[in-house]
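For reference, the chain that follows is the form predicted on its own, supplied as structure tokens.
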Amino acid sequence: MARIAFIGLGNMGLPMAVNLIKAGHQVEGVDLNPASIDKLKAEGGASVEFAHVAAARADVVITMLPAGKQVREVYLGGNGIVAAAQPGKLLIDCSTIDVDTARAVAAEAEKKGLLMLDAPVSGGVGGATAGTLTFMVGGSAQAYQRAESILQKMGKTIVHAGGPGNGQAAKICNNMILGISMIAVSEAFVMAEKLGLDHQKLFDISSKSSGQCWAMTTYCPVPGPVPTSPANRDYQPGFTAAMMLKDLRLAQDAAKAAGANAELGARAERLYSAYADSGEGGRDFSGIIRFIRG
């Protein structure tokens, strides 16, 4: 079993780290929130004050951080992970960040003789807790082979998307689809309401025909048809509107850099920006239907 440094024990990172402990790994956590550290210790983990200290003695380093800025600081700063880790060690960044940062960090890690993967996740807090996340992985085949058995302790679906940065590319493309499709499903239900069509009737039809999609059948934005969706809990978040907005902005930045046309993604970004600005950034992203209703 591996000695793992896990940096970033937030809503996603903590349950992921706990699943590694349950699998028999020795996990040392680093986080600015003492409550998160206490929860990790209660599950059998240990704590380290600084990321570079944990990285220096770990076999594997896993990070789950808010944005590209923090990833650059933690990996490439003066006391960063890349400087502290010994050649041959495995680094896995599970944050959702911009592709350029992922590739820049991977390039510096490679110069040091480290194996680096970007491995953002899909599945939300529920998937992190249950160990059923989807990992979209970018990096070398050698690094992927080293990491696969560890990622399998935290996720159900592990896909090697290609070279450095391709995990992030896959994540932002996927979430652009999700943001757009949730708006489409929400607009359809609002239109159905105005036309006098019952929510359940629309769901029974669309969930079995050409309108079927994940936003409809798993995360339906109206109460009733899918009992496990946040709509039945006043849109308490599994994945917040603010997080969706972050991913849509990353997608727009990537589209501009690549010269790709993503007009619907741009419209979705603007709508989620207005929704978050209305004070609902902490709600589940499926709550956009309430904003669409006006």
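Note that the structure is predicted; figures quoted are calculated from it, not measured. Residue numbers run from 1 along the displayed sequence.
One more form of this protein should be noted, the form predicted together with nicotinamide-adenine-dinucleotide (NAD), which is absent from this view; the next part is about it.
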item: nicotinamide-adenine-dinucleotide (NAD) in the predicted complex: contacted by all of A5, E28 and A85, heavy atom 4.5 Å; value: no
item: Option from 159-167, 77-85, 181-189, 92-100 whose residues, in the predicted complex, bring a heavy atom within 4.5 Å of nicotinamide-adenine-dinucleotide (NAD); value: 92-100
item: Listed residue (A254, A54, A231, M243) with a non-hydrogen atom within 4.5 angstroms of nicotinamide-adenine-dinucleotide (NAD) in the predicted complex; value: M243
item: Single option in L197, I177, C213, V125 placed near nicotinamide-adenine-dinucleotide (NAD) in the predicted complex, where near means a heavy atom within 4.5 Å; value: V125
item: nicotinamide-adenine-dinucleotide (NAD) contact at N261 in the predicted complex, heavy atom, 4.5 Å; value: no
item: Non-hydrogen atom contact L151 with nicotinamide-adenine-dinucleotide (NAD) in the predicted complex at 4.5 angstroms; value: no
item: Partner contact for A17 in the predicted complex: nicotinamide-adenine-dinucleotide (NAD), 4.5 angstroms, heavy atom; value: no
item: Partner proximity in the predicted complex: S47 to nicotinamide-adenine-dinucleotide (NAD), non-hydrogen atom cutoff 4.5 Å; value: no
item: In the predicted complex: members of 1-16 within 4.5 Å of nicotinamide-adenine-dinucleotide (NAD), any heavy atom; value: I7, G8, L9, G10, N11, M12, G13
